[in-house]
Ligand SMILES: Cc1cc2nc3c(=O)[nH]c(=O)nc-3n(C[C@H](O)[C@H](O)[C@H](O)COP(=O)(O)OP(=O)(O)OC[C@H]3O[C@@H](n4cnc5c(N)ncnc54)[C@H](O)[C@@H]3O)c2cc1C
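Heads up, the chain below is alone and in the form predicted on its own; it's given as structure tokens.
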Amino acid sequence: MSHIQIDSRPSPQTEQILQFDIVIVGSGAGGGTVAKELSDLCKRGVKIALLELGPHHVAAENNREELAMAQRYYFSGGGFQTTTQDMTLAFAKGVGGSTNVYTGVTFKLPETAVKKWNVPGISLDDLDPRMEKYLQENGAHFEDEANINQNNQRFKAGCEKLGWHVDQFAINTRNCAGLGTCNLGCPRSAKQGTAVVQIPKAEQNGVQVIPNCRVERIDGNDILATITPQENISAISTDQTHHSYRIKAKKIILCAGAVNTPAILMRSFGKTFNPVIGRYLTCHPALIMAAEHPDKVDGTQGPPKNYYSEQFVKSDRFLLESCMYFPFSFSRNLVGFGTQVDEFISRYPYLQMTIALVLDDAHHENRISINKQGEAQVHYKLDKKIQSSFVKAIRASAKLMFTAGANRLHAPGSKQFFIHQHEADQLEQLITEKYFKLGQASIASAHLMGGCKMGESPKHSVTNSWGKVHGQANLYVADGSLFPSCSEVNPYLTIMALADRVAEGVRNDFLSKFTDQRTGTLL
């Protein structure tokens, strides 16, 4: 691996200087892609750095212990909350970003989302070949049915018996051992995230990775950052000093995610430098349900997710997927306390799980801001439309699981902790908006999108369709914050396609500005 040698001596009063041509901030689906796509420029003498807030994670240390792994990978241990504390946001840090902890679910951006974005230059004709490239590069494939566990099979069976749409989605794994803890980091590096695929290629070509680097703000063409001289999460060092650096660059590409990219821009240029900075956040609010079967389901063996249903996307704006979460993560989704919770958890091997994701609209008031300390805050209103979609999704999930053979289930939004099979025909009366209470139902999101939306006008967007920030000659964005509205599906493949496009624009702009047109040499 190619790393910058960080000085571990006590920091002097003045900033230490690092000099690069191109600096990429963040190493997830966006940053890892940009780093790989631009890395061939290193062979021409271009110096490129990839900065990452978190450490290099070591696959062998992913021990499948839920609390320890959540603390290791996620911001706030996976418990980052909106300001109203009625939704939890899951996004990760570490080389590879959130691609370390996704389940590998791979969707292409649907045409309906592209049309809704309505950004000149952004079309399926442009994005589709880019998405195809990363489908191949990341090993996306449909799992052999012989490897699909009972939890997923029962989701499919329930949909088929009801006559609902059901389909298998591709997952991007290689040599998967079916350990099931995809959301907690893979012990075998089977999941093909940027830390496994794109970043090693970038490093081989000469991109220098700087982990444990917090970007404070941008100052002209410089990045002001603090770096902890710690190689990885295993390192034990008595020197925990944070050193201040001024990292100089000709081009800066922000890929810190929908929460942190807007926050960096606001810390750098003020909260009002652009009228829509941080605005129009979408996130596919999600909710997990579980049902008990009379025989074992054993859903923790094999890939956790294989099937989805778009049956209610057009009518009620929610998507259903099979899923499986380990006991601690699952228990947070139960509404109640005491013996009923203990009893349900004790039946864990017999539980089938589903997840409902609401396809939320982009609203101006849903936004990122920064507090007095410059830290990101997320303001998001789970409005009546979203709540109505959730209630309908809970009923649909209950119907699906009863049809698949469950004898009882737990449904947020119900007047009682358990609903039994003999009550399956009373779901409309038992699950209502009256009983669906924000702050009680456990709503979460792992699909954070928006905050630096693309467009033509600085009055209505933060960047153009190539990710260049309006009014900034050398500053770009290449992550999920570019989305003008939700992607309607898992966004990681779309983020990679947009990052591929941004990298193309950066390359062309860099070479035109910093190459001697007569000799072809870099200036």
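Just count from 1 along the sequence shown to find any residue number. Everything numeric in this text was worked out from a predicted model, so none of it was measured.
Not on display, but discussed next: the form predicted in complex with the ligand.
- A residue is said to contact a partner when one of its heavy atoms sits within 4.5 Å of a partner heavy atom; I48 fails this definition for the ligand in the predicted complex, lying far away.
- Within this chain, P304 is remote from the site of the ligand in the predicted complex, having no heavy atom within 4.5 Å.
- Taking the partner from the other structure, the ligand in the predicted complex has a heavy atom within 4.5 Å of a heavy atom of L53.
- The closest heavy atom approach of M87 to the ligand in the predicted complex falls outside 4.5 Å.
- Each of F91, T99 and V215 places at least one heavy atom within 4.5 Å of the ligand in the predicted complex.
- Of the candidate stretches 78 to 86, 418 to 426, 103 to 111, 268 to 276, only 103 to 111 contains residues with a heavy atom within 4.5 Å of the ligand in the predicted complex.
- Applying a 4.5 Å heavy atom cutoff to the ligand in the predicted complex picks out A446, H447 from 446 to 463, in order along the sequence.
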